[in-house]
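Here's a solo chain for you in structure tokens, the form predicted alone.
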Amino acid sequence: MKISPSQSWRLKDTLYVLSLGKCKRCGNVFYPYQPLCSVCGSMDIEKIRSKGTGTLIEYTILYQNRDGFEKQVPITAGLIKLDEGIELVAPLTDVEITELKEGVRVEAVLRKVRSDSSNGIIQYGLKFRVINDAGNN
């Protein structure tokens, strides 16, 4: 599987930053950012950056993956509620299965997503890890 440097560059705001949209008319906050509010239809949208922290609601472990990602199984993915109130599904990293439970605090970190063996390009993206001092809030 080839990684396109130009495509990675075009997706940098999606791959490396959690950009949320906030409607200036109704106050709806949503992810991913889009120039149209799904609640009121306004196009007066402010792009805001998420703090990247949240709470793990649920998680699952995947033992199958699509072509090009076979070496990454098993994959742990979680349903995360960001502090801004948005829920999203994202891969978890740097975790032991035993430390995963509902309600633990997580934070977004930049991690390797895949590499292209033909040209040596490594693609990075956001994953979530458990915050070690979870439960001390």
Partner chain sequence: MVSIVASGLIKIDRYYEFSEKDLVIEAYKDLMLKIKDVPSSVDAMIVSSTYSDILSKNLMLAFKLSNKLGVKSPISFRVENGDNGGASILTAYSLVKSGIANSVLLVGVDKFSDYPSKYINDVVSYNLDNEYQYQLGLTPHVYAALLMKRYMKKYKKEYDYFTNWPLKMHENAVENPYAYLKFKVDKKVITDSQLISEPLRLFDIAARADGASVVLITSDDMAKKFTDTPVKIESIFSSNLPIDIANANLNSIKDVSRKAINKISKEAIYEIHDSYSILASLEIESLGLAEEGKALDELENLKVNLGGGLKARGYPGSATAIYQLAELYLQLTGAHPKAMSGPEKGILLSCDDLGNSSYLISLSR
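Residue numbers count along the first chain shown, from 1. These figures come from a predicted structure and were not determined experimentally. Between two forms, the rigid core is defined as the largest C-alpha subset superposing within 1.5 Å.
Heads up, the form predicted in complex with the partner chain isn't pictured, but that's what we're talking about next.
For a residue to qualify, one of its non-hydrogen atoms must sit within 4.5 Å of the partner chain in the predicted bound form; none of C26, E46 and L82 qualifies. Heavy atoms of V113 reach within 4.5 Å of the partner chain in the predicted bound form, making it an interface residue.
Among residues of the shown chain, G52 is not one whose heavy atoms approach the partner chain to within 4.5 Å in the predicted bound form. In the predicted bound form, the partner chain stays beyond 4.5 Å of every heavy atom belonging to S42. When contacts are judged by a 4.5 Å heavy atom cut-off, V95 does not count as touching the partner chain in the predicted bound form. Contacts with the partner chain in the predicted bound form, taken as any heavy atom within 4.5 Å, map within 33-62 to I57, E58, Y59, T60, I61, L62. When the rigid core is held fixed, the Cα atom of R25 travels less than 2 angstroms between this form and the one not shown.
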